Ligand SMILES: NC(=O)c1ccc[n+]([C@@H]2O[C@H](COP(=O)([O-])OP(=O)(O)OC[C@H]3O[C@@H](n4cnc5c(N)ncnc54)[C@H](O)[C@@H]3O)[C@@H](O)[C@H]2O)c1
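In structure tokens, one chain follows: the form predicted alone.
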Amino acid sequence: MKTQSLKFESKTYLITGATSGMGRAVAKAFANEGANLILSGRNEIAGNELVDELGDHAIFLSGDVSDPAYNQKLVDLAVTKYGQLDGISANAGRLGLGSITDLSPMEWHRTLDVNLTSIFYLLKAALPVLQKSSQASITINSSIAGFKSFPNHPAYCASKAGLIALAKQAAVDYAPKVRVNCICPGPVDTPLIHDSAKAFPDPAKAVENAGNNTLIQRLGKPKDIANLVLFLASKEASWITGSVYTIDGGIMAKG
């Protein structure tokens, strides 16, 4: 009987925001398909636990994605350990809750640094290496907040809109060697949505309503997002670049 080959065997992927939520699900999905992984996050305990779960083909390096030197270290680690880098799944995020008049300038800048500027640093470090790969792809995790507003999320919405523009620009500048796409999740059952709901008078009800507001009548699961990321990184998506995918249970279709 012929053994089915793994989709990403011998390929190396860098996953940011890997210690929880969507990033963690993406890391596990790539590992199940045989990929070598460089995992990024701030929580060292959670990162080391994930490496223990995934096995010998995963390495975790804790740090702050808004630090350009840390992004360079992630890329250098991929090359040193595995000799290559074939793709990125960028998932790190920060909410920066508060209305414009309430939000401090420090929190505004910190949110944009984590959500948007960090991607510039990561791509600046990674693109020279990615261009050497035969299957290079980048998937940037934005949000439907890049298209529509949410109460008391000005920094978050602005940064997520910026990611959509940055992903399209990178796709234009680095084609045909590197494919770059953007995904825009709706309400997904991760710690972030529960933190986001604190901007509403009744957080528990806000989370419940978010799921009920989708056409599918439920919150998304981190695995739903991971499935899309794996498709966009695969050979089956070889003609897809510069695209923006909403994965939101149909919320944006409702207007």
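In case it trips you up, residue 1 is the first one in the sequence shown, and so on. What you see is a predicted model; the values in this text were computed from it and never measured.
The form predicted together with the named molecule is left out here; the points below concern that form.
*asked:* Can you confirm whether G63, G93 and S143, the three residues that make up this candidate site, all sit within 4.5 Å of the named molecule in the predicted complex, judged by heavy atoms?
replied: The answer is yes: all three residues contact the partner (heavy atom, 4.5 Å cut-off).
*Have a look at V51, L230, I193, A31 for me and say which one sits with a heavy atom within 4.5 Å of the named molecule in the predicted complex.*
Filtering the options by heavy-atom distance leaves I193.
*asked:* Even though the partner isn't displayed, in the predicted complex is R110 close enough to the named molecule, meaning a heavy atom within 4.5 Å?
replied: Close contact exists here: in the predicted complex, R110 approaches the named molecule to within 4.5 Å, heavy atoms only.
_Given that the named molecule is not shown alongside this chain, does V114 nevertheless sit within 4.5 Å of it in the predicted complex, heavy atom to heavy atom?_
V114 belongs to the contact set for the named molecule.
*Contact between P185 and the named molecule in the predicted complex at 4.5 Å, heavy atoms?*
Yes, P185 is a contact residue.
*May I ask you to state whether R42 is within 4.5 Å of the named molecule in the predicted complex, using heavy atom distances?*
Residue-level check for R42: yes, a contact with the named molecule.
*Which of these stretches, 80-88, 121-129, 135-143, 171-179, has heavy atoms within 4.5 Å of the named molecule in the predicted complex?*
Every other range fails; the passing one is 135-143.
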